[in-house]
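Presented as structure tokens, the chain that follows is alone, the form predicted on its own.
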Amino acid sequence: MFVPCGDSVPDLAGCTLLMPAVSVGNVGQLAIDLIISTLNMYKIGYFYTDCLVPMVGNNPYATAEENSTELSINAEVYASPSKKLVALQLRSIFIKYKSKSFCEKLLFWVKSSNCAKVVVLSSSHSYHRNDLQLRSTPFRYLLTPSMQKSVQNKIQSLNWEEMEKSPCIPEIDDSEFCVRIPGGGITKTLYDEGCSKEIPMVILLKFVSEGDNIPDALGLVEYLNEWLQIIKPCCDDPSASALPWKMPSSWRLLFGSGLPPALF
């Protein structure tokens, strides 16, 4: 499934894998874009898979004309060895009935690569929130059992809120309760597979609506940064609100080109 860019397979032992779920507002994918661009991560390989719709495009993280013509495809892997971080970016949707197969193959690769943990960045429909969720923070987390012991204390110190369980069948009053992530794409499948295969996994998500989801992506990476400290504030001033996240060059055309002057 994983094909390295070089002749040898990179050593990912002990690394943290960051990846998105293709979910509502594409928030996870935008967040991964920010991380790859900010840390200037370099490509170490790609996934050769029949589970995703094929696509090809220019380099989304181009910094100069020289590297703008490099090709990118639907599932690529980037690394920052100094921070022990690996990022998987997904750029297309799943082919029908293939998402579960992809999750199984992905977690097999994670286990065989000896990655320390997996962090999935995701989102869920804001209109599915209950009254309690409407009155609280829009961010939620989930931990697989094999992850709880190592990070539970840290997570609790951050005062994060765990994703609540809700009726499995909302229309039935006495339905059993389970974790539901409407609009979360493969998030629930990854979580279930992570639990059954004893993969150390953390799900971080935000309740969002479709639209301009750049602020949601910035909020999600800030949420992640509270825990992993991917980047530090550029100054010691506690009143400085913004961290130096770098938007990739491809975002300039996120909503298409401007209106043609001929219209006016």
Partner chain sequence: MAATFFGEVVRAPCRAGTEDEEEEEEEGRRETPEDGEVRQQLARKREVRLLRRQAKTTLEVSLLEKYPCSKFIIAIGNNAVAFLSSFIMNSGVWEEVGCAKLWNEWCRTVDTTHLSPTEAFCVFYHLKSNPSVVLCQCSCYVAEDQQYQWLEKVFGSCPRKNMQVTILTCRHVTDYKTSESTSSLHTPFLKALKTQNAREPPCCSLLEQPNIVPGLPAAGVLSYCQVWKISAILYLCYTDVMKLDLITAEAFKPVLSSRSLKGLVKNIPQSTEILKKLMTTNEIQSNIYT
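Positions refer to the first chain, counted from 1. All values derive from a computational prediction rather than experimental measurement.
Although not depicted, the form predicted together with the partner chain is the subject of the following passage.
- Query: Considering the partner chain in the model of the complex, which of 229, 63, 69, 40 comes within 4.5 Å of it through any heavy atom?
  - Reply: That would be 69.
- the partner chain in the model of the complex reached by all of 73, 127 and 213, non-hydrogen atom within 4.5 Å: Yes, all three are in contact.
- Tell me, yes or no, whether residue 49 is in contact with the partner chain in the model of the complex, where a contact means a heavy atom of each within 4.5 Å. Output for residue 49 is yes: heavy atoms within 4.5 Å of the partner chain.
- With the cut-off set at 4.5 Å between non-hydrogen atoms, does residue 247 touch the partner chain in the model of the complex? Output for residue 247 is no: heavy atoms all beyond 4.5 Å of the partner chain.
- Within a 4.5 Å heavy atom cut-off, is residue 225 in contact with the partner chain in the model of the complex? Result no; residue 225 lies far from the partner chain in the model of the complex.
- Query: Going by a heavy atom distance of 4.5 Å, is residue 99 a contact of the partner chain in the model of the complex?
  - Reply: Yes - in the model of the complex, heavy atoms of residue 99 and the partner chain come within 4.5 Å of each other.
- Which of 197 to 205, 217 to 225, 32 to 40, 53 to 61 sits within 4.5 Å of the partner chain in the model of the complex, heavy atom basis: That would be stretch 53 to 61.
- Task: Residue by residue through 1 to 26, tell me which have a non-hydrogen atom within 4.5 angstroms of the partner chain in the model of the complex.
- Result: Contacting residues: 1, 3, 4, 5, 6, 22, 23, 24, 25, 26.
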